[in-house]
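As structure tokens, one chain now follows by itself in the form predicted on its own.
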Amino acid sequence: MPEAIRRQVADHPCYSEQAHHHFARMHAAVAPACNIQCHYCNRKYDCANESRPGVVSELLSPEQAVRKALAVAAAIPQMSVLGIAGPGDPLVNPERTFATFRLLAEKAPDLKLCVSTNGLALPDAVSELARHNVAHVTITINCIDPDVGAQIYPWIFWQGRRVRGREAAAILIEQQQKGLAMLAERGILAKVNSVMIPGVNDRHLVEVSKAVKAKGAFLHNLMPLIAEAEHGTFYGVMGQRSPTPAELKALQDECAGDMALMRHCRQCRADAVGLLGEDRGAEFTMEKVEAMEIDFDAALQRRLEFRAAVAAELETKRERAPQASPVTLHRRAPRPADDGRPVLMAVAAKRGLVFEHFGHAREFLIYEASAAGAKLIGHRRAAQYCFGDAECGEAEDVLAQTIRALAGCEAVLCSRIGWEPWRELEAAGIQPNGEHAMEPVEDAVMAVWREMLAAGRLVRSVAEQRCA
């Protein structure tokens, strides 16, 4: 990532892999209306146990959203970003969206402002986004071919009428690409989200990645389709499957090149609060927020002090880190045959540390460890997607489900683990490890990888050595 952009996203948890360990965000649910229909979307307003885009527990007015943002920022000094991501599209609700930004800029000017949009209304809103100092915009772009788009979007609402099929997809694609280029011209950082839908756009997304890079996107986030029947989406009801973790990783690796690829996305709710993976929204209902007494000046000072401390810590780590030698993009660097094969490891982490008890973890960060270092490649949820009422489905055995979620991993790092899960994990070919509690995640991952290498467990096959 270029140094100038790295500085811009240094405290943005959704745009920086490093920042997501330290900084928090809040999504203000002020935008209910939407101008397109996606086969993977069903906006629900009342299921507190679901964690996916489009779901909120409370729809807020701009005034309520700002009151809540100030309460969150006072209680969570890590908060650095206020984003509007729905539950509809923020740019289809411009009065509510920009009123929220204006009010917040007056009361908490230190917070970064973000918008997530489908892009249909983006070209007409770029000037207003710039006027309100919105420095980060995320666009969901799932295709650049209208024939593919017609399989994803049944309709759009465009210039006062409902447009369907290929024509609708063509209009949406044109608007998305135009808006993306306009953001780049204004110097507004653009991240592109793409939902990987097996059999629909999975192979096509390689071309999408090239196209959005050419238009000025600096970060591409390839996300797995969420398609459970209980969510009531078209894809869920029709049995469209989600990609496996291995399929998603293979696509991410194929798209990786000279544009940064986001791998730490949590596909958050439209009212998410707190650090990524640690949603604290239930602590900040409007009923609770209205009862809070807030010292705004003291809260601002705590936020500024926290950011300064984190910035100093990260800069020290950067200075101490060994300088990487330059490599030629898209070329496989030669390596010795005995340097050990890559290994996938799951980590029960919080705040960049091996922190969680195995039984308490509700998600695991997935790292690929190799002689080149530890690379975050994604995360996997460890519990039933929804534990709400009957319409959310019945919970399976959590341990069995977690073990299935960790398929492909050879080790799992956690702070503590009981005998029963230890035995079940070993039977599944996953080695538990509780010896690196409270250590930085990447240091712990590499320590375990080196232990496996020294034990002779990472010897490459003849075929792998030839490929290397």
Partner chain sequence: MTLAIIESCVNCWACEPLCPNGAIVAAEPFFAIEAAKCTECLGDRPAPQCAEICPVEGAIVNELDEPLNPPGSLTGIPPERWAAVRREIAAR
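Please read these numbers as outputs of a predicted model, since none were measured by experiment. Numbering follows the first chain given and starts at 1.
Keep in mind that the form predicted together with its partner chain is missing from the display, and what follows is about it.
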Hey, of 290 to 298, 195 to 203, 229 to 237, 73 to 81, which bit sits against its partner chain in the predicted complex at 4.5 Å between non-hydrogen atoms? 229 to 237
Is it true that L59, W155 and R161, all three, sit within 4.5 Å of its partner chain in the predicted complex, judged by heavy atoms? yes
Find the only residue in L399, A405, C34, A437 having a heavy atom within 4.5 Å of its partner chain in the predicted complex. C34
Is K44 a contact residue for its partner chain in the predicted complex, using a 4.5 Å heavy atom cut-off? yes
If you check in the predicted complex, is R96 within 4.5 Å of its partner chain, heavy atoms only? yes
Contact label in the predicted complex: R67 to its partner chain, heavy atom within 4.5 Å: no
